[in-house]
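Listed next as structure tokens is one chain, alone, in the form predicted on its own.
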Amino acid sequence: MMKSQKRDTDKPKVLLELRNVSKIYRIPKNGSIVAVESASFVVHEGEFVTLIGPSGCGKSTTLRIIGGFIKPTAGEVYIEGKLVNDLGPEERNIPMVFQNYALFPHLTVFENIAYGLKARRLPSDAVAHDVAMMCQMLNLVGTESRFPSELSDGQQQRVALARALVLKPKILLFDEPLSNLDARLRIQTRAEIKRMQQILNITALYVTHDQAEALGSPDRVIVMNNGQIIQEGNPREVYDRPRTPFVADFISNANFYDAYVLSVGERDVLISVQELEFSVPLANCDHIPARDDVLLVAINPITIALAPLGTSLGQMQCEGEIEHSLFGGHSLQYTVRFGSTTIRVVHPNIQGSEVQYSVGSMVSLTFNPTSFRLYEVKG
């Protein structure tokens, strides 16, 4: 008997698709500003996708185009295969959770959460039932009669989330929703958003400029810069294999140096960096280099091991001197003299370990060349 093949209908359904979407703002007497340029991607049912990039890169504009708040200059937006360019926000059923919560100050928690349901003219008992369920799921029981001004920032953000989730949207948009929260609340609320998204199987598109938020929750990350999509993939792929120097810098705060190609083999490239030689997998290059080329090498600070001088951790070692030390709680960040320059090293803070290097200490630096990324030098 032949094995049954997986049918196309078993593949995740595409809920959202952008095709060559651009947004250009015309400025009288000053030309124009390209906010988004030819952005194309799809989002599948139940997927959690994060858009990340620096301020002004076009990620929030892209989100507002999807939500119907901004009309694209060019390109097409499809929701469940339907072209929606001419549909406003109220016709798309894609609620957005904003950075500033956007709660109605004169309405109670119950009334804020119920607002969209009442706009749909649902029966009062159905409204009460759905609001009660949201309050239970988001730990808001007991706050229903309070006004937003009587709530903490964390509670206000949960009310904003409940107001969006109670509409049972197929797609939910988040525009930097945790920016106003302190570090502890950001971690808690981020976990809460992910939990609710999984329980309700909601498709989520999340905008942030924070690397921890971008990498901690999503199924897929889309990196943007200057209005363009630079790279997309699962968080581990984007972090470990950045395709461009920009991604390596923005996602992992990489160290960059000139690398001189000494030889090119079938699988490896031999390079010289600060008078040290490293053999780097050819797969880590963004192109096939030639002997005597000068490349740009990116070295992730977490891939470098530190040890007291004389300790042997591997073959790719050199001496260094601690020039700066910063305690960061879960890690220690060092600036270490490396050849004629310096290198940033992130060293884990292991509980119970007394190892912390002071300024002026001599240490051994051990490198992992299989983690190096090599790029063609532009211009």
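Start at 1 and count along the sequence shown; that's the residue number. Because the structure is a prediction, the values reported are computed rather than measured.
Below: the form predicted together with a small molecule, not depicted.
Stretch 23-31 is the answer when you ask which of 39-47, 23-31, 319-327, 334-342 has residues with heavy atoms within 4.5 Å of the small molecule in the predicted complex. Contact check for Glu176: a heavy atom falls within 4.5 Å of the small molecule in the predicted complex. Within this chain, Pro54 lines the site of the small molecule in the predicted complex, having a heavy atom no more than 4.5 Å away. A residue is said to contact a partner when one of its heavy atoms sits within 4.5 Å of a partner heavy atom; Gly58 meets this definition for the small molecule in the predicted complex. Using a 4.5 Å cutoff between non-hydrogen atoms, His209 counts as a contact of the small molecule in the predicted complex.
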